[in-house]
Each structure stands twice: as C-alpha cells, then as structure tokens.
Ligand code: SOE
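Below sits a lone chain in structure tokens, taken as the form predicted alone.
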Amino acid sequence: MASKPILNVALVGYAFMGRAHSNAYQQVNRFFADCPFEVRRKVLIGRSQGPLEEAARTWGWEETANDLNIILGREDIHLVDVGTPNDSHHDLSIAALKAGKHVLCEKPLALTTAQAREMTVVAAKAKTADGKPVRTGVWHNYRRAPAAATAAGMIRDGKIGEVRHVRGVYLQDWLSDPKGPATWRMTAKACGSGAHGDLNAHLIDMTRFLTGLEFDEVSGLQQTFTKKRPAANGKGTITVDVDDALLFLAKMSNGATASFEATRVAAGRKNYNRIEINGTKGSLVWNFERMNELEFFSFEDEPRAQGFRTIMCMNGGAHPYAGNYWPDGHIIGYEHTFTNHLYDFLVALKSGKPFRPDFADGVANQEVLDASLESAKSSRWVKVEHSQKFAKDAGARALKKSAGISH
C-alpha cells in the first residue's frame, strides 16, 4: 500500500484554541482512516518559552519557535494554523499566505471587515511552492457536530419548508463577577468586540450554514455592565471597552426574521449555544449542550402524533462523521468537532473541492458583526453591506458539495 503524502503543520498559539487544534491534529489520522494525508505536528509557535515547551511536550509537537516569520521560508511547512487572539489574525495569516502556505484561522477572521477583505484578496492570489492555489479555512467547528450537519441537510432537503424565523442565543456567565480579572477579551484593541465577536460570530456562521441565507439588515443593542476590572497582573484596573452583552435583530435575504443574543453574564449558563429554525412545514432546534441531538417538529406528521421529537444523531449510517468514532448511539464531544473540521479541510485540500467556511465566509461573518456594532452605537437599523466580490451562499447546499458532507 502506498504511503500517504505528509502534511507538516505549524501552529501559532498553545492556549485554549491551541490545545483544541493540537488534539485535532493528533487524532485525525486515528479516527479517519481515509484521511488523505499523514499529518505531522511540526512546529508549535509562541512567545513564552517555558509554557511553549511544556505545551509542545504535552501535544507531541516536534519543534518550537518564538516567531512565525522564522519558519515561513521552510519548504517543509505546508499548513499554518493561526490560533492566537484576534488582533494578530490579519498579520499572521497574510504573512503565511504570502509565503505560499495553506492557512486555517480562528474566528472571527479579523478585527474589521476591511482586514478580512484584505486577507481574502491575498488568499485568492497566493500560490504554494508548486504553483497550486493556497487554501483557507476558518475554525467554525460547530458546523461539524453530526447533529448540526444533519440539520443543515434536512433544511436543504425541504424538511421544514421555507425558513421564516431564526432565533439564536449564546449564553455564558464567566464575567458575572465584577471582580473577575480582565483578559485580552475585554479590550477592543485586542479582540474587536466582546461577547459579540466571540459568541455571535458562531451564531451568524451557523445561521448562514443551516439556512443558506444572507443577512440583509440589522438592529443592535449592546451593554457593558462592568466597565472596570482588575488587571490580570494584579496591578490596578483596566477599562473594559467592549460589550458584556450584545443583542441584535436581523432581516434575512428571503424576508425571514431573526434574533440573536450573546452574553457573558447570564448566571448559570456555561456554554449555552442554541439555535432554532422555524419554517413553513416544521422546525429544528440544535443546542450545543446537547450537541448530539436535534429537536424536530413537522406539520407532516399526523395530528395525533405531532410534537417536537428528539433525534439522536449518532447513527454511523445516517449522520455525518458519526461512523468514524464509536458504535451507534455512543456520543462524541466538543473536541471531535475540531477533528471533523480538520478532516474535511484535508479532504478538500487533496481533492481540490470547495471547503467551507473559507476566508470569504469569514468576510461575510465580519460584515454582519460590524453592521450590528454600528447599529448598536447609532441606535438605528443598518444595512449589511456585502461586497459583491465576497457575498455568496455559504449555506448547506455549498457545504454538501465539499468533500466532508457527501454522506
């Protein structure tokens, strides 16, 4: 049997997302026997040498470096993964693209729409060392939960009819204590926005993925409840200049209405990421805290049996990704969504087929984020200005054509 081609990865960042991505690189060949590459964890990149070395040992990275630029000239680095805070996504991704590397980047893609569009323009022109187009992806891993992918397929197949309403909430409570120390996630310079860019970004992407619709117009409301927090180093305080919570309404491209709420101060909610889609024939609900299940209602059921029912989406013969793990009904978790996401990217990389979400999808997401922020500041409805170059359907129909959702 011929050996698989080797794909060497350089990952920038070793904290929360660095761990999640490292685990995906470690597991993808183990759970997906048909993965087209032998993935090798080549270089882990970070600034603090002690923690960096410890992370590299823990996750099996062969080398460490303190600066991405010093390894970009190496021909043995094929893929650069940007898992750092938001303010570095733009510069790191562009440097990697110009060096001819494929790029996976954490969400949101950038701090602003202008940055995101520039990244996409550079990506469109970039070529690898052997003259092939550089490929990009954004780590919106929730798309790759088997239940979420199943929901997208059901909507695409008309199971709920035409979409009429979308309502999404993403609720956390880790900033409920006003004495909690500040992190980079609480300064606009580092993150762009607070709960909005962190959590609403996921809801925006899931809405586009599930429904295939675009956002037309938005109206936002934001609030910062704790405006000063202790500095992380214990010396003084910092001013919080991003939102603790941001809610927005949206008009969708087909006339559907939508509502979204992201907050980090919802007491008791740890990672409550829930989206409900109502259509002319039925409804679907996906809740990350019950990530292997779908709630489904259909008017096509006979009246005496109508009602929401729960679908366990861990049947390997029926649901995307499920068959690569355990026997039917044996659930998977958060970390597996990253492995599934990586697998789809690698299959697309090998086949040349589309991968979603790519950087153009990151632009579309950022356009909605920025319009909602503008609306919250101006207290008026704001049109989402889609660049004609980047506005495209990133919904389930497009994803079906990519390598990973052809089940």
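Computed from a predicted model, the values in this text were never measured in an experiment. We number the residues from 1 along the sequence you see.
The form predicted in complex with the ligand exists for this protein as well; it is not shown, and the discussion that follows is about that form.
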Subject >> Site test, Lys107, Tyr142 and Trp174 vs the ligand in the predicted complex, non-hydrogen atom cutoff 4.5 Å >> reply: yes
Original post:
Which one of these stretches, 193-201, 147-155, 130-138, 252-260, sits within 4.5 Å of the ligand in the predicted complex when only heavy atoms are counted?
Top reply: 193-201
**OP:** Let me know the one among Tyr334, Phe308, Trp326, Phe225 whose heavy atoms come within 4.5 Å of the ligand in the predicted complex, would you?
**Re:** Tyr334
**OP:** Identify, from the list Tyr170, Phe248, Phe209, Trp286, the residue with a heavy atom within 4.5 Å of the ligand in the predicted complex.
**Re:** Tyr170
Subject >> Touches the ligand in the predicted complex: Asn271 (any heavy atom, 4.5 Å) >> reply: yes
Original post:
Does the 4.5 Å heavy atom contact test between Arg229 and the ligand in the predicted complex come out positive?
Top reply: no
Original post:
Taking heavy atoms and a 4.5 Å cut-off, does Met17 contact the ligand in the predicted complex?
Top reply: yes
Original post:
Using heavy atoms and a 4.5 Å limit, would one call Arg117 a contact residue for the ligand in the predicted complex?
Top reply: no
